[in-house]
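The chain below stands alone, shown as structure tokens; this is the form predicted alone.
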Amino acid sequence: MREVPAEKITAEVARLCIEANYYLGEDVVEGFRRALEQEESPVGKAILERLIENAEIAAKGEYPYCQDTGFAVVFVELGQDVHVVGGSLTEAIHEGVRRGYAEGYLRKSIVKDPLRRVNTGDNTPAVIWTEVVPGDQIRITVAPKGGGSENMSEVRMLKPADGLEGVKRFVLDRVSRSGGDPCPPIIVGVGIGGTFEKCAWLAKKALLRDLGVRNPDPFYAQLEVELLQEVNKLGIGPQGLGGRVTALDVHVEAYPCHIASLPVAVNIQCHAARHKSAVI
């Protein structure tokens, strides 16, 4: 059994919190550049130019790319042959978020209670999703999630008879009703199947995939392409001011489900599509 000190996990999570907020992934910046080539609206083109410029300024100056530095959503792939020593995995991650948001001068956005609204002051607790996998390594991905795009997300329990066309209608309806609120160009994560909560998790996990990387199942890869084309026909455009590019990509993840159910979730990500990973 390989031993990993809790302090090492804390240090890595702190670093990932800072780097995710300062440095957009090259796949996202390249997505802006492709969108700039496709966009015809002068206003939309100007917005995309500013997004590219902002990404460069944030990276060079080591500033947060967006003022909303997000809820720290942490995905952990925990090798079954790893033993965390010197503390718990959960508290190590929370301490890493606490440290990263303080050292990186990142905005603290979390309230202790959803109704009494008192800020925790350190951006904890994180939302932690843990999967136990084969091996003796720990893969950690920190994905800061802003509130504006998260608010535009939705789960719907369709009937099995609604089928593929029902899924398409729901996705397009959700994006259409969101308009410019989630700061387009967006990335659309879609979870299909599982249960009520499983499809929501799938939709969020779908956002971690690099732009342009398709689902390995050709059926769902084709669905991603079709949905992206249909979303970009809605005319919402960059920042909701009209144009050809509403979404940079659509990612779909699927899971087996009950014969009586067809759960579908849409998790919308704004153009500040941030996530960084480390393997310990």
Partner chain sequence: MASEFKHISTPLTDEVVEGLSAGDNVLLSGVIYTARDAAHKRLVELLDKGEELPFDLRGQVIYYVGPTPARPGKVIGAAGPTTSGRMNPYAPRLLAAGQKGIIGKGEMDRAVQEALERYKAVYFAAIGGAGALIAQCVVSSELVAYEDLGPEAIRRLVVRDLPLTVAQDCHGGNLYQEGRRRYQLA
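Positions refer to the first chain, counted from 1. In this text, all values refer to a predicted model and were calculated from it rather than measured experimentally.
FYI, the form predicted in complex with the partner chain isn't displayed, but the following is about it.
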Quick check on Val84: any heavy atom within 4.5 Å of the partner chain in the predicted complex? no
Taking any heavy atom pair closer than or equal to 4.5 Å as contact, tell me whether Glu53 reaches the partner chain in the predicted complex. yes
I'd like to know whether Tyr220 contacts the partner chain in the predicted complex, with contact meaning heavy atoms within 4.5 angstroms. no
My question is simply whether Gly194 lines the interface with the partner chain in the predicted complex - judged by any non-hydrogen atom within 4.5 Å. no
Only one of Val74, Leu89, Leu207, Cys183 has a non-hydrogen atom within 4.5 angstroms of the partner chain in the predicted complex; which is it? Cys183
Pick from 195-203, 75-83, 132-140, 175-183: which stretch has non-hydrogen atoms within 4.5 Å of the partner chain in the predicted complex? 175-183
For the stretch 90-116, which residues lie within 4.5 Å of the partner chain in the predicted complex by non-hydrogen atom distance? Gly104, Tyr105, Leu106, Arg107, Lys108
